[in-house]
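Before any questions on binding or motion, here is one chain by itself as structure tokens, the form predicted alone.
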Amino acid sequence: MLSRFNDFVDRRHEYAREWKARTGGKVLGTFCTYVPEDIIYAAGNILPVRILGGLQPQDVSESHIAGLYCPFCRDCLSQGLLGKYDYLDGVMIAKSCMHMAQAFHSWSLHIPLSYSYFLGVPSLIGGRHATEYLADEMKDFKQSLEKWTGNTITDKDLDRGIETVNTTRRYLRQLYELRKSDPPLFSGAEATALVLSAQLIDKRELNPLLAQLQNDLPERKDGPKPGARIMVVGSENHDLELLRLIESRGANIVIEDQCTGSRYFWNEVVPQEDRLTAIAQRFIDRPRCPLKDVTERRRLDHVLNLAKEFNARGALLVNQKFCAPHEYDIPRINKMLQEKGFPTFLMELDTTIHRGAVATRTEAFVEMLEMDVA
């Protein structure tokens, strides 16, 4: 059954086109996981899909975005310019890094759609007024969706949207518990396919599949073999083939702190009388990306706790080339993990990667971890 989620990722464009034809709904492309999907599902017949790159060399974005911006944002923009996302009715972003913001603004300018929205998310997310500010931004976003769709979003609608997305978060969190076994019941590449599917597929259709998977996985007989348990920390990475290559060299990826991993779903919306405040509070409380963790530095404790909880032996630190927030963050994460007894190695990501070098470095890292255990 896990192969079905790989198909969702590989055939994401076909799925979105089929969904749109089948439902008559709108498809909204999103550039960041700080986008409040709960409100989008409350708005009715809208499918939020995360915009991802094609992982192939391209040169169409060079006149629109600086070559020194990260390859992921340039790859995402190129997919739009190449018409891969021609089924979208709108795009939106929650305030994230300058690179992704530039991709969003270039997309909005050169690929006109009926809807485009920039959601303000405070950079100082631990500030005294952050929740109140973000709740006001959620209110403005809700009103913009009402204007776009012609539908009024009621508290009942918000309750339905929150429960739909919370159910996805809950199933993914429960499934991730199965990765604590040794060996884990499913691989890191398979786990990433699950999380990506949740960002691409209608959650009302996905949730029953996650429930079925939760029942079936404990009986799995063809799962990963014993291997060096590693965690992955760092930039976005949706390259499933790269993860499969890493795991084919004797490693088992048992947990990730990435927006394409656990950070996307780790906490739920806790009900409050004001639904928009509840949604805002979830983003304030969620595990933070480096861009939102420049003062309190909560990430260090969270990453360390994940390493211990999932019994990782070492960590792979991944960084999209030229990604300033993670380039700032990784040296601190690296120092902390090594001081706590977790060996690390750094891998820089680009649109395409030399697979042979990855295989060799992974094998060397696994051998080092095995020597430490011996």
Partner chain sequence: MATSDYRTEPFKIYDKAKEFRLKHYRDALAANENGRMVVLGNFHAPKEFMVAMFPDMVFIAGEPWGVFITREGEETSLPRRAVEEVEKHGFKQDMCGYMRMSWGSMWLKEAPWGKPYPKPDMVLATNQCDYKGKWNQVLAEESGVPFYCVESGSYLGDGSWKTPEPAIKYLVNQYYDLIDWLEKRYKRKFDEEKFIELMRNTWASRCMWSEVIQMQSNVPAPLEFKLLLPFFMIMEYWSYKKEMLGVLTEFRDETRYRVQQGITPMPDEKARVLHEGLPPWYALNMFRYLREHKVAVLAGSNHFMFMPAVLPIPKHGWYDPAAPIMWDAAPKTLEEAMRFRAVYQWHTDAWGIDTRRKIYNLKAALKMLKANGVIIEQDRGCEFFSLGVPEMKSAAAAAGYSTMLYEANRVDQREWSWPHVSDALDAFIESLGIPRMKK
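Positions refer to the first chain, counted from 1. From a predicted model like this one, the values you see are computed outputs, not experimental measurements.
Not pictured, yet referred to below: the form predicted in complex with the partner chain.
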* Here the chain is shown alone; which of 102, 277, 207, 166 has a heavy atom within 4.5 Å of the partner chain in the predicted bound form? -> 102
* Which listed residue (156, 244, 220, 129) meets the criterion of a heavy atom within 4.5 Å of the partner chain in the predicted bound form? -> 129
* the partner chain isn't shown here, but in the predicted bound form, which of 45-53, 31-39, 302-310, 320-328 has heavy atoms within 4.5 Å of it? -> 320-328
* To do: Using a 4.5 Å heavy atom cut-off, state whether residue 108 contacts the partner chain in the predicted bound form.
  => yes
* Does any heavy atom of residue 96 come within 4.5 Å of a heavy atom of the partner chain in the predicted bound form? -> yes
* residue 270, heavy atom within 4.5 angstroms of the partner chain in the predicted bound form -> no
* Report whether the minimum heavy atom distance between residue 291 and the partner chain in the predicted bound form is within 4.5 Å. => yes
* State yes only if every one of 120, 124 and 297 has a non-hydrogen atom within 4.5 Å of the partner chain in the predicted bound form; otherwise state no. => yes
* Taking only heavy atoms into account, state which residues of 68-84 are within 4.5 Å of the partner chain in the predicted bound form, ordered by sequence. => 68, 69
